[in-house]
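To begin, one chain is listed below as C-alpha cells, in the form predicted alone.
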Amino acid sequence: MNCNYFGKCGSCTLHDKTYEMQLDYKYEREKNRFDNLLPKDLSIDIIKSETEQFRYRAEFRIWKTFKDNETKESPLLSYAMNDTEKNTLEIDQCSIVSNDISSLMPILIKSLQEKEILSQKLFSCEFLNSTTGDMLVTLIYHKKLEEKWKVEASLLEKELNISIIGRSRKQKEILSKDFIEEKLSISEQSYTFQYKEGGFTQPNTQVNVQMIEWVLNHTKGKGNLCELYCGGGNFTIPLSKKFDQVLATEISKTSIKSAKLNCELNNISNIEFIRMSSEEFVEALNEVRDFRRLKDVNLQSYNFKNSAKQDEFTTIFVDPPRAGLDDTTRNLTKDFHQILYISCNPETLYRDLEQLTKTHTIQHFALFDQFAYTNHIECGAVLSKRV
C-alpha cells in the first residue's frame, strides 16, 4: 500500500506484509481453526478488499501544536492516530479511507484552522461517507457549542458541500441532517439505505456488498426468515426478496428506526421489525412471558416452532456482536432448517459452530476481509439441518 505512515501508524497492524501476504496469513489461520468442523471437500470462499481507499467510515483525533506554549494561541491543527508504540502520530493523509474522505481531509483541517470558534477545544473528527458522495462530518468538542459556533459551522457546511454535526457533553447540534444516503447495486438490483450518525454501518462498502451477495447466492429462499441482530436492515432488505415473510429483531432504537425507514425507501412490505434482544425474542417465541411491543405481532403465524411439518422450511439469520450467541439463542437456532451466520469474531463463531454442527452440516463457508492490513477478518457460514 502506498502510504506515508504504513509501518508507523498503529491502525494497520499487519504492516510488514503485502496485501496478498496478509490475506494468506489470515486464511491459513482460520483454515486451521475450523479444519475439524468443515467437511473435507468444502472449499473456503475468500472475499477480498480493495487494497486502498476502502473505508467509508473513519475517526481521527485532532492534535494541536502550539508555537508558543505559554500563551497557547493560534495552534496548528493536524489529524492524529496512535503509532505502533501507542504514542501520538500526526498525519496529514490516510490511504485506507475512501477517495472522498481522503480529498476532504486536508481541506477541512485547513478550514477549521482558520476559524478559532471551530478549532477551539476540538479534539476529534468522524467521517461518514457513501459511494454516491454524500458526506457527514461530526466534530467533537470539550466545550459547549454556542450560537456563534453554529453560524460558522453552517457556513463551512455550505462552503464544503457536506453535512456537519457538532457534539459535546450532553449536546448534539445537527445543522442540516444527521444521516447520509447510500445507493447499492446488490445482485443486479438497486437498493437505497439511509445511514444515521451514531448508528452501526459496515465500513468497507465493497466487501459489504459482496458479503450480502454471498449470503443471497447460498441461501435457499423458501418459507419464512427469522433474523436476529438485524441492525439497520443491511442484510434483511435484500434477503426479503427470497422469503415469504421476514421477522427481524434488534435491540438498538437507532438501528430499528433506520431499518424501518430503509424498508420504506425500498418499498418492502414483507418485513416485521421488532425492537428486542435475542434473549427476549426467545422468551416471546416460547411464550415464557408477554411483551407489549408484540401486542400487534402474531409470532406463531411465522411457524418457526412448527418446522417439523413437511410443508414448512424455516431459516434463521444471525449476525451477533463479538460475544457470539448466548446459550439460549444458540439452542433456538438449532430448531431451524437453515442457519445463516455472519460473524465478526472467528473465536466465538468456532465455539458456536462446535454446538451447531451436532445438528447441522456446514454447506458453505467464507472469509470476508473487511479490515485489510489488520488481524481482523469476518466469517460467514451456511448450515443445513441433518436429515
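Note that residue numbering begins at 1 and tracks the sequence as displayed. The shown structure was predicted, so the numbers you read here are calculated from the model rather than taken from an experiment.
Just so you know, the form predicted together with a small molecule exists too; it's not on screen, but the next bit is about it.
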| item | value |
| --- | --- |
| Contact stretch among 331-339, 345-353, 32-40, 314-322 - heavy atom within 4.5 Å of the small molecule in the predicted complex | 314-322 |
| Interface residue in the predicted complex among Met105, Leu77, Leu285, Met276, criterion: non-hydrogen atom within 4.5 angstroms of the small molecule | Met276 |
| In the predicted complex, the one of Leu145, Leu299, Ile109, Ile251 near the small molecule [non-hydrogen atom within 4.5 angstroms] | Ile251 |
| Residue contact check: Ser240 to the small molecule in the predicted complex, 4.5 Å heavy atom | no |
| Distance check, Tyr229 to the small molecule in the predicted complex, heavy atom within 4.5 Å | yes |
| Any non-hydrogen atom of Phe193 within 4.5 angstroms of the small molecule in the predicted complex | no |
| 4.5 Å heavy atom contact, Phe200 and the small molecule in the predicted complex | yes |
